[in-house]
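In the block that follows, a single chain appears as structure tokens, in the form predicted on its own.
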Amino acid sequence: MADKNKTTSLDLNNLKSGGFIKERGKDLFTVRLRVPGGRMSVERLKKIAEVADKYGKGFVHLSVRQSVELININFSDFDAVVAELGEGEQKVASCGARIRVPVACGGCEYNPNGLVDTQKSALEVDEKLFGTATGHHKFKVGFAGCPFDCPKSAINDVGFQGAIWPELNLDECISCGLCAKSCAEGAIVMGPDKKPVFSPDRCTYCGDCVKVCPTEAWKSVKKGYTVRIGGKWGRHPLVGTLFATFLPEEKVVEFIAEVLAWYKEKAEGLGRIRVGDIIIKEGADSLLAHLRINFPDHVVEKTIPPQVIETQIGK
């Protein structure tokens, strides 16, 4: 017979790593759900609403990282909540020092600006790397389908941004000038001979020239992700900087795994520290050299450490 006077001791750190976050109210928790890429079926959404209404206070919170959070869940209902969410194939996320659920924009499926399939990439990373322990701190991944970077990939530990490299076939060019008009960066201007002149150093890999060309004189000769590493938000924000260009979509998981391996090694004995802070401490060359072993055709020759985002008033 159970001892009615015996109290249960909750390990809040373990609960948090499993996606259950202590609230202010006694015995109440927020349950963070796993929504890779911010996309879910309507049926899953219905099940979440049903569970939130049954066990919570009738509302949910949509986090800035595209997850749904159930509010005011009593710890005694954890098993029931997880089981009923599972009926709708909805899983609980995680927190703590591990790879988090990746965020992503809509990608190229329906967005006219999208260059790569960010949703596919996010699902693959979630399936193969979600929850992997880092041993040091959180590790966030974000995917943007184009240089507009709506998901703010550059403030993730590893951020991927869709990119294409254009090339012009002058023989097919009809001198319409649409490419120059569409290039917001001034990377394409019309020359004296009424033919486009391309300045590669100004190109942001958006591919607008390829999209508007009526004769397909502009073609995409390379496509993939530009990769920035070392970003984070919080009390001391950093913007990640460029480490690789035109990384093939199928190499995303392998690339993240190599960044994580370097991070684990370099952060040993340093306690809670993010990837960007390690790069600043070690210098960018160390990570570049590590990544160049497996990705020699994509890792840039030089880069700078992550850049501080100044947030203090008056500075």
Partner chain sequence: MQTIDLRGVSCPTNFVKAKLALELVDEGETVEFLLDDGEPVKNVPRSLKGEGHKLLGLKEAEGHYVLTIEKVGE
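On a predicted model such as this, the values are computed, not experimentally measured, just so you know. Numbering follows the first chain given and starts at 1.
The protein also exists as the form predicted together with its partner chain; that form is not presented, and the subsequent description refers to it.
- Though its partner chain is absent from this view, in the predicted complex it lies within 4.5 Å of a heavy atom of just one residue from C176, M190, L123, A80, which is C176.
- Among E127, D201, D171, E216, the residue placing a heavy atom within 4.5 Å of its partner chain in the predicted complex is E216.
- The candidate stretches are 107 to 115, 129 to 137, 190 to 198, 223 to 231, and the one lying within 4.5 Å of its partner chain in the predicted complex by heavy atoms is 107 to 115.
- Although the partner is absent here, V210 lies within 4.5 Å of its partner chain in the predicted complex, judged by heavy atoms.
- Contact check for S182: a heavy atom falls within 4.5 Å of its partner chain in the predicted complex.
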